[in-house]
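Given as structure tokens, the chain that follows is alone and in the form predicted on its own.
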Amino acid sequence: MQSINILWFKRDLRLTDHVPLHRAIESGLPTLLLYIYEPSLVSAPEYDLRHWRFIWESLESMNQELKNYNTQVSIFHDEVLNVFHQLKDQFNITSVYSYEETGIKITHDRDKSVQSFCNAHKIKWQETQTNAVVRGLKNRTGWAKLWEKYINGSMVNPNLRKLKPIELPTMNCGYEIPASWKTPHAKFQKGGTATGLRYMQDFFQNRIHNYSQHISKPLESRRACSRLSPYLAWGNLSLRQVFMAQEDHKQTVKYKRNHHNFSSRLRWHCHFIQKFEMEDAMEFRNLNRGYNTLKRSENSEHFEAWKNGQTGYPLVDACMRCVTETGYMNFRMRAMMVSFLTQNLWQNWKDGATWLAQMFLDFEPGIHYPQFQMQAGVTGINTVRMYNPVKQSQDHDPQGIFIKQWIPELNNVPIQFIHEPWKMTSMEQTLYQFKLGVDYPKPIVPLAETAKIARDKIWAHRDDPIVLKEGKRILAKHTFRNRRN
């Protein structure tokens, strides 16, 4: 029976700066490159066709490059243990190489099962740290130095010429990959390292000059922001690869402040994933359990209106429709959507987190859940930010161009009413051939009143003894201790 290694790709869909792939190749054994579409993940409510299509495009990009080395990534559609059991029957598996994954409970439980399988069959599973996220930390003492060490380290690029391919026998591993996963969609960013590199180069060479100025604007940010988040979330690019490219470019251009602002967000990328790695139960429950007694509304009509972009607040609705159709929205508008859901509508953050996980092409559990809870005001340690969607609209889409792009029902509404169409009189509605409540919904809740109620409830709850006790625990566990500022 042939002895082999397995390189198991998960959220690391690239062939450059890839430590596990390098180690597998350097071991000298033939290496099976493996990706598995897991039905348990495919059916999970956090995932959507957009994710599986992006992954397929990423795998196609990898396989296009691997043709030069007479090998391919073998793609299966089955549960991981089923695939591994069949491979064990065909080969003597010496080692499995992969990156650690800070994922949802489904992947956490799967990894525990894989470890048990490897232990039972004397297979060495060699996991490598992902980016600067360190497994097993009890607190953040020294973490900043660990981040600096990782991000300034050398990239590890595998020598694919030394890769020894494997002829894979016929295996019964699930059904055919759906055609919809293989069909490109023009409104979504395309997966793959080659595409990610083009976005990165274009950003650093051309688009970064408007980065700080336009980062909060729903329309302009689509070009001014890097748009690298899906390529980092699915591992088409490594964080270190992006950081090093940014460092190279900032030496030769004048937009130093924009580079500084961008690089700070690379650090926050790892900070939030590290927080989730250390406390992954926040996928399901409040980070600060003192907020468990703060009862929320269960108004399904309000939730559906929010999901479908029918709240009667133009910027909220335009953002939701945009992210549903394209998978992308900038950070400020994401925060505003969450603020409106959890504060003005007083809905449970978990329902919204599940929905937007489906919608965000760059869904990264380690960033998604901590950010969602922070914005919902259930951490007890962060300032509660409440975004007024009318003010955000006036500040960041003053001419209503973004709004009208995504809400064509408002095309006839003049600029002076585009942010607050409910202020139009009946005569004005007739004049502009627009009927509030017919062409576009009336606001489903009063903005100022609901914001005040939410603010009062959240701030009053911060004095709860359990909230205070939990706040101290959270600060002790997640706050940097050797940071100067």
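All of these numbers come straight from a predicted model, not from anything done at the bench. Numbers follow the displayed sequence, beginning with 1.
The same protein also exists as the form predicted in complex with a small molecule; that form is not shown, yet it is the one meant from here on.
No member of the trio Arg289, Leu294 and Trp346 reaches the small molecule in the predicted complex with any non-hydrogen atom inside 4.5 Å. Contact with the small molecule in the predicted complex, judged by any heavy atom within 4.5 Å, is made by just one of Phe84, Trp306, Phe360, Trp143: Phe360. Proximity to the small molecule in the predicted complex, defined as a heavy atom within 4.5 Å, holds among Ser212, Gln371, Thr354, Gln394 only for Gln371.
Contact between Thr130 and the small molecule in the predicted complex is not found at the 4.5 Å heavy atom cutoff. Not displayed here, the small molecule is kept clear of Lys275 by more than 4.5 Å at the level of heavy atoms in the predicted complex. Contact check for Ala335: a heavy atom falls within 4.5 Å of the small molecule in the predicted complex. Contact check for Ser229: a heavy atom falls within 4.5 Å of the small molecule in the predicted complex. Only one of 120 to 128, 323 to 331, 402 to 410, 86 to 94 lies within 4.5 Å of the small molecule in the predicted complex by heavy atoms, and it is 323 to 331.
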